[in-house]
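The chain below stands alone and is given as structure tokens, in the form predicted on its own.
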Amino acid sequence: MNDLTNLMTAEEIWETTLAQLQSTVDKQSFSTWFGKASFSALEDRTFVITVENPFVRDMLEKRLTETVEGLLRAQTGDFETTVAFRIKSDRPSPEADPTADESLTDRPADRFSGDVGSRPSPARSGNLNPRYTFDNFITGSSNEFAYMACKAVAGGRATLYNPLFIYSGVGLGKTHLLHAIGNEIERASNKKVLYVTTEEFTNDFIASLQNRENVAFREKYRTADVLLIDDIQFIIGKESTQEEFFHTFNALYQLDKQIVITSDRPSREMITLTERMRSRFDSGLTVDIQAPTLELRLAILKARAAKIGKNVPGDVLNLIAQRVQTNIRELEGTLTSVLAMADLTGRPLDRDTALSVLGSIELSSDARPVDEILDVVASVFGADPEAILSRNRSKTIALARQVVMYLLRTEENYSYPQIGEFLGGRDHSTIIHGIDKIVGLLKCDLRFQKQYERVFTRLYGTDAKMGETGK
């Protein structure tokens, strides 16, 4: 057993494995097979992963068991580590330890061991993860405003920032801040805090209709003092769920209960979101988290290395920070991969070892090259790529340029500053205006919709589902 896995919980090992899988599996496959998978338990040397249904379980067992076990074994250093996929109804219900009140990360028995099972989590209200706190959230210029807003909400200034709407690309800390708010409020008060994903809200709502348990559903959601709801973008296109959430939102808001919402995009980019729902989201404080700066990425890597007791050379940290730029989970996962490579192979912890890991990650990335997006848009709209990057303001060129902005934001999760830099130094407000223009055209201009469909199909191989996703 190496030092690295002795200092990680089984759940942390699984989260790192997910980050590595996301780098090696295309977006659609990852979303389909792992989007709803979650760590359940460590039984002897088997990682038990919960999935939604038998179909997903069977496909994972047939197609990806070997890949997943390989990644897990690389981290644990134990070549007898296995994985088992179970549907929710198969998951055991371990009894919670009523005396436990410490963070899971501080409990020696929760550390990964090749011959010791994991202990059940202590009972907590609101599904909060105690590992996510304000103390271990690393701040910088790209996320400081969001952090301060969340701290203010946790301190009880609900009337000023209600609702609080946080948006950013994937892996930039939205969920961490959501849990930190809940944990801080629970620590300092007796308020009832409820954290749910939008998927959980939707599933609860559907189950309440099927089982005629509307009263129980509303009792659960409308008696919360603080409602924390993650990934609200998944509510778009679901009219009945939107309607129920609208009434839940109003019931809580009228009672001055705090609501905090996260999304991967601002409300104005949710094309099928009802106008009254959008106005509710925009009535409080909206903050965004930008891609981390190089300084922040380095700070995060140093904090991670210190947490697991590793002395990582500065040039290795710099290399990782320069190459992994837009996803904090991937950033931390890459550091773990580099450390595992050095530990398991006996290679020195240096730039060459880091490059061997970074090279494989870069080659397997499914990110669409920006130049490819530019070329495809230019071809469909009959524009010259150089003209799109220039200051040319003709109608056709400007529209093509705005399509590039929209795709980089909604499909590739680029930040506004990154898009502006790629398009010749355009400012933040210009990018937002361009994206808003495309959102409007996708709602009502059939001719433009057909052009956009051609672009989307050539880039991603599928039809754009504008009525459901806003893309």
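Start at 1 and count along the sequence shown; that's the residue number. Worth saying up front: this structure is predicted, and the values here are computed from it rather than measured.
There is another form of the same protein, the form predicted together with adenosine-5'-diphosphate; it is not shown, and what comes next is about it.
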Please determine whether each residue of Asn127, Leu194 and Thr198 possesses a non-hydrogen atom within 4.5 angstroms of adenosine-5'-diphosphate in the predicted bound form. no
Looking at 184-192, 238-246, 345-353, 162-170, which one sits within 4.5 Å of adenosine-5'-diphosphate in the predicted bound form if you count heavy atoms only? 162-170
Note which of Lys310, Arg280, Lys257, Arg329 lies within 4.5 Å of adenosine-5'-diphosphate in the predicted bound form, where distance is taken over heavy atoms; exactly one does. Arg329
The unique member of Ser390, Asn136, Thr82, Asn214 whose heavy atoms fall within 4.5 Å of adenosine-5'-diphosphate in the predicted bound form: Asn136
His176: touches adenosine-5'-diphosphate in the predicted bound form, heavy atom cutoff 4.5 angstroms: yes
Taking 4.5 angstroms as the cut-off for heavy atoms, does Ile300 touch adenosine-5'-diphosphate in the predicted bound form? yes
With a 4.5 Å heavy atom cut-off, would you call Thr76 a contact of adenosine-5'-diphosphate in the predicted bound form? no
Would you please decide whether Tyr132 lies within 4.5 angstroms of adenosine-5'-diphosphate in the predicted bound form, comparing each non-hydrogen atom pair? yes
Could you list the residues in 237-255 that come within 4.5 Å of adenosine-5'-diphosphate in the predicted bound form, counting only heavy atoms and keeping sequence order? none
